[in-house]
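Next up is one chain by itself, shown in structure tokens, the form predicted alone.
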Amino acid sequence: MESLYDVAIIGGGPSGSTAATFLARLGRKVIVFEREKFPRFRIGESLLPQSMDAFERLGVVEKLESKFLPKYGAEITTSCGTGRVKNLFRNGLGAKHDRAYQVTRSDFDKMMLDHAAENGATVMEETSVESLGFGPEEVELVVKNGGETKKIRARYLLDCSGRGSMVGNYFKLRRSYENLKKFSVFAHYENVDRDEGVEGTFIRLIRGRDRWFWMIPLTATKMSIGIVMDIVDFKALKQTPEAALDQAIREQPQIWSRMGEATRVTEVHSASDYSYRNISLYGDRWLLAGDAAGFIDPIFSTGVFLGIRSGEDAAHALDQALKNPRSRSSLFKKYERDLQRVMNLYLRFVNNWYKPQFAEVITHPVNNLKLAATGNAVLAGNLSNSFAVWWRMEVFYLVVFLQRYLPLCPRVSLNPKDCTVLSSRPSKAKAVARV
């Protein structure tokens, strides 16, 4: 029987590694179980400026600067090319940071997990959690590494197991968003044309009628390209993910015009029906963080942002509960309340994103009342309790609502066939090459 740990963490992704680093720095005995061997492929490659404060507290800013591409803003455009907005993060309302980073997740996640180990956390990769047992004073985990099985005891358990949400499934807490049953397919490409200078670092979001695309520059030459659509629409195509992605890129002039010299350099990956929330994020001996708590949508790059934020908040709640067990209930309730508030804010933003009127409004920004700067701030992850941000976002949502009935902003078709950006498409592109 192993000695008693203060906190056991399931999952070594961004939320798990963040929590492990903070707990270890606070002097806690913490162990992380990661079933895979890092590095491994993951999507969610665009970080938000609002995470930079946490990265500074973690002590990883120099590592980020040495390994990854700075990201200075975001571009949103319509597939018809008649609506477009480019945002520099430094112009966001209340901006504290002018940049974030575009990261290859396999490298980023390994850097973060290695950093946790360097700060004193015990990290066990290629180790699966086989079963859980919850007692009044501790949690017991049965873990398996290779052919060896052992029992681990901890005062608290932090579930950062991602969309598998081991504790959420254990207690049957998972609830899906019925209106967000989506399918995504994505891959990495070399030599995609991009804008010059700072704008070449922007994430590009392209909004179509029934789908949207991302283009994320990862290095000086490599780019992540993906598409999100309703599951029913993907099934209706009756295509493999590879064929669906290739066809979608060819049919989208905003992307196809940049693919003349592009070559796909990874397998095509896909994910489906990934939007959900667990109805409770804590118990007497456990907390949920990151994707294990819930995942809304890949739009606006909220996955890693919420993982980092919830990992840090969970670490401090657990540390305080270990110091003063009588305060555990109030600490855990506050942790859940704060995380639910942030997820609710993004859920509202996401639900509006899928309305055609949202694309019309956000791609034709106005400076009245600093609405453009406020939208920029939200895209950068500024979800503080600031009244200045809150009331302006309420005005923004009102404009989106009215846009359905009154053309306050120019109407757009969102149909790529109406695109005037290209006079003709390349007849051939290396983007169809298979790895």
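Note that residue numbering follows the sequence shown and begins at 1. Given the structure is predicted, the values throughout are model-derived calculations rather than measurements.
Not on display, but discussed next: the form predicted in complex with a small molecule.
- Remark: R40 counts among the residues lining the small molecule in the model of the complex, judged by a heavy atom distance of 4.5 Å or less.
- The shortest heavy atom separation between W286 and the small molecule in the model of the complex exceeds 4.5 Å.
- Residue contact check for G303: one or more of its heavy atoms lie within 4.5 Å of the small molecule in the model of the complex.
- Taking non-hydrogen atoms only, C160 approaches the small molecule to within 4.5 angstroms in the model of the complex.
- Of the candidates V361, A248, I216, I255, I216 is the one whose heavy atoms come within 4.5 Å of the small molecule in the model of the complex; the others do not.
- Candidate site formed by R35, T127 and Y274: every one of these residues places a non-hydrogen atom within 4.5 angstroms of the small molecule in the model of the complex.
- The chain is drawn here without the small molecule; in the model of the complex, the stretch among 316-324, 81-89, 235-243, 127-135 whose residues come within 4.5 Å of it by any heavy atom is 127-135.
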